[in-house]
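Given as structure tokens, the chain that follows is alone and in the form predicted alone.
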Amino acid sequence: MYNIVGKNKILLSISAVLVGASILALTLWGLKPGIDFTGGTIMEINYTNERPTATTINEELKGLNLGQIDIRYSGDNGVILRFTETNEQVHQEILQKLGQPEETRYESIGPTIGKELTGKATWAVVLVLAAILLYLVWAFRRLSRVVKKGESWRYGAGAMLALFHDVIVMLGLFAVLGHFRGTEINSTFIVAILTVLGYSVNDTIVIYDRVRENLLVDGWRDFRNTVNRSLNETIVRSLGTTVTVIVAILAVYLFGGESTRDFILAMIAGVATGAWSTIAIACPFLLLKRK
């Protein structure tokens, strides 16, 4: 049996570095919000013939009061445009001035809707975290009766720390990507966070559940060994599930469309950190200030 808990200091140190680097990136650069949060328009078009330069596109759209136009190339013939909120009439004028290219994406969101979405997204994450905490306390309530009062809250707190770790690392990654690649966060990023929260806590519960089973059988004599044995009994399944999920969504990242790539990248990062935090954060927390 491999002594996994004997490496707790190393595992925690790696997590501390990841979280510290993520917080530093968020402090220095912050996140780059997309039009879902700030309002505006995003248009993705493809040219069947030669793609015009950014200067030519700017000249063609001059006079439509689109504000500062952000122009980026996509693939061999695609162009992604970002500008202020517009109506349908202006939308059609843009297409006409650009020569009626193939339009693959068009979204226009007002600033009020963006603010509402920001508030709802924040509340969604907070409510999901609160629901997960209460569920874990309820699911492990038997330990509070058998081991000692309040024991189930320790399991809930351990899972919460792991989830905060996962979210901070995801935010830090997108702060780096936003600074160096211009990657924006949008509503799909919130979906990715909520999905990862569910995956990560599921992975944590699998190991916590085995700890509970072994603890109820072996008793409280050597809790450190009980946690280590539980990790050894579940780690192959946990890592196998994680690798399978990552391989599946990696295929979507490589062969899917450009519009879903950032969402898939957030999923890959979240699933990986979710599996890691269960071993490096959630389980060591059960041993905190215990022999």
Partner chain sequence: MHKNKLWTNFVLILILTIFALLIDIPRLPSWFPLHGWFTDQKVHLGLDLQGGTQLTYQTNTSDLPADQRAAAVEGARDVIERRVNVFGVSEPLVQTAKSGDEWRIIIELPGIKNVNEAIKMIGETPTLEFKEEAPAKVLTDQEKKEIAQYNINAQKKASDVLAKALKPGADFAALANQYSDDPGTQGQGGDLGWFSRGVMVKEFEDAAFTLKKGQIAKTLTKTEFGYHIIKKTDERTTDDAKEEIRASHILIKTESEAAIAAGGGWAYTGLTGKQLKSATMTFNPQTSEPEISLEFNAEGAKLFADITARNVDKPVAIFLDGYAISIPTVKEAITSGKAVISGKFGVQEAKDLAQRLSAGALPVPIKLISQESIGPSLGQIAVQKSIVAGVIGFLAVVIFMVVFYGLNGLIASLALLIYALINLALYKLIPVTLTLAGIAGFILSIGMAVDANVLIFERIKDERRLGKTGTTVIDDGFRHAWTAIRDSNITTLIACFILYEFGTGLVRGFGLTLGIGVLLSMFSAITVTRVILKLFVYKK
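Residue numbers count along the first chain shown, from 1. What you see is a predicted model, and the numbers here were worked out from it, not measured in a lab. If you superpose the two forms and keep the largest set of C-alpha atoms that fall within 1.5 Å, you have the rigid core.
There is also a form predicted in complex with its partner chain; it is not shown, and the following applies to it.
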| item | value |
| --- | --- |
| Option from 164 to 172, 180 to 188, 150 to 158, 76 to 84 whose residues, in the model of the complex, bring a heavy atom within 4.5 Å of its partner chain | 180 to 188 |
| Its partner chain: the contacting residue among A124, L215, L98, I71 in the model of the complex [heavy atom, 4.5 Å] | A124 |
| Among the candidates G63, G67, G240, G30, the residue which, in the model of the complex, approaches its partner chain to within 4.5 Å (heavy atoms) | G240 |
| is_contact(R145, its partner chain) in the model of the complex, heavy atom dist at most 4.5 Å | no |
| Touches its partner chain in the model of the complex: T244 (any heavy atom, 4.5 Å) | yes |
| Interface membership of I94, its partner chain in the model of the complex, 4.5 Å heavy atom rule | no |
| In the model of the complex, G219 touching its partner chain (heavy atom, 4.5 Å) | no |
| Interface residues of 205 to 225 toward its partner chain, as seen in the model of the complex [heavy atoms, 4.5 Å] | I205, V206, D209, R210, R212, E213 |
| Per-residue C-alpha change between the shown form and the other one, D209, threshold 2 Å, rigid core fit | no |
| C-alpha of E102 off by 2 Å or more between the shown form and the other one on rigid core | yes |
| Large Cα shift (2 Å or above) at N46 between the shown form and the other one, core-fitted | yes |
